[in-house]
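Only one chain is given next, in structure tokens, and it is the form predicted alone.
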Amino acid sequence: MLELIPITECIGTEVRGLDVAGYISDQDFERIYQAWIDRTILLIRGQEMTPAEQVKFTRRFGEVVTYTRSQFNADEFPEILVLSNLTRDGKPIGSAYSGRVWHSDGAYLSDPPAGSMLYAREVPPVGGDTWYGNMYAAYDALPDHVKDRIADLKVVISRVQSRPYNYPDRPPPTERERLEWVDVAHPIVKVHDVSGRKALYVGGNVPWRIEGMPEDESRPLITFLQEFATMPRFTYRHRWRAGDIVLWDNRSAMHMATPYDHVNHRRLMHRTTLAAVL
């Protein structure tokens, strides 16, 4: 029997009694989908699925899209991004680490993806956890005067400026990357295209400034909103087990990866991505 269990009072739903590779009725799927929309993340434990089954299950939620690091796409399944410290013939099979700051996937795109699904195939005994935050709840909890102040503001995402902050061990952007990585502005308050609810949008490759606002005003406001949005009451730390699936809604959630011992332990994760709803 399908069960939907809140993960915390504020965020997330654990789905029990489900085999994602098996038959899922339209009625059961509608319950699962609505729980995802309402509470920003879904957790499904103890699953065994092939890459083909992951792509198929992801497609129940919407169009599957690829937009980053194509060199780490899974063999025969370009829809899957491999996140791993493993190597083959001396070369990495996936991205060993990413996203170790609070962010929303694809924030540097004009139309960021609607959601991301991560499937744990191998996990280290400790570390490599993922934090998630409910941006619906963070917005709802803001004082009214702050809501009024930010109602029509846009935050500028600069992929070029954020590179040394997010990835200090990587080389600076090339001239070609600087030309391609144009700044993108997004509303600080986003209206979810399915639920119609308002959510804060203040993560993702370090929003450096607010459009049209002097930096000495912009920086403290951004800092306040980011720190407020990631207070413990809005967040959940997921400690991965092999066979876990987590699907998060990039329109209403932020997340952040944590380090692990990538020298002595193995980690293999498969990620699929849902296209923006246009």
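Keep in mind that this is a model prediction, so the values were computed, not measured. Residue indices: 1-based, along the sequence shown.
Beyond the structure shown, there is the form predicted in complex with succinic acid (SIN), which is absent from this document and is the topic of what follows.
Chemist: All three of Gly12, Arg31 and Tyr119 touching succinic acid (SIN) in the model of the complex at 4.5 Å, heavy atom to heavy atom?
Modeler: Not a single listed residue reaches succinic acid (SIN) in the model of the complex, so no.
Chemist: In the model of the complex, which of the stretches 182 to 190, 142 to 150, 71 to 79, 99 to 107 has residues with heavy atoms within 4.5 Å of succinic acid (SIN)?
Modeler: Looking at the partner contacts, the answer comes out as 99 to 107.
Chemist: Considering Ala138, Val123, Leu83, Ala114, which brings a non-hydrogen atom within 4.5 Å of succinic acid (SIN) in the model of the complex?
Modeler: Only one listed residue qualifies here, and that residue is Leu83.
Chemist: Using a 4.5 angstroms cut-off on non-hydrogen atoms, would Ser162 count as touching succinic acid (SIN) in the model of the complex?
Modeler: No, Ser162 stays farther than 4.5 Å from succinic acid (SIN) in the model of the complex.
Chemist: Is it the case that Ala257, even though its partner is missing from this view, gets within 4.5 Å of succinic acid (SIN) in the model of the complex, heavy atoms only?
Modeler: Because a heavy atom of Ala257 falls inside 4.5 Å of succinic acid (SIN) in the model of the complex, the answer is yes.
Chemist: Any chance Phe234 has a heavy atom within 4.5 Å of succinic acid (SIN) in the model of the complex?
Modeler: Flag for Phe234 set to no.
Chemist: Select from 241 to 274 the residues with a non-hydrogen atom within 4.5 Å of succinic acid (SIN) in the model of the complex and write them out in sequence order.
Modeler: Trp248, His255, Ala257, Arg267, Arg271, in sequence order.
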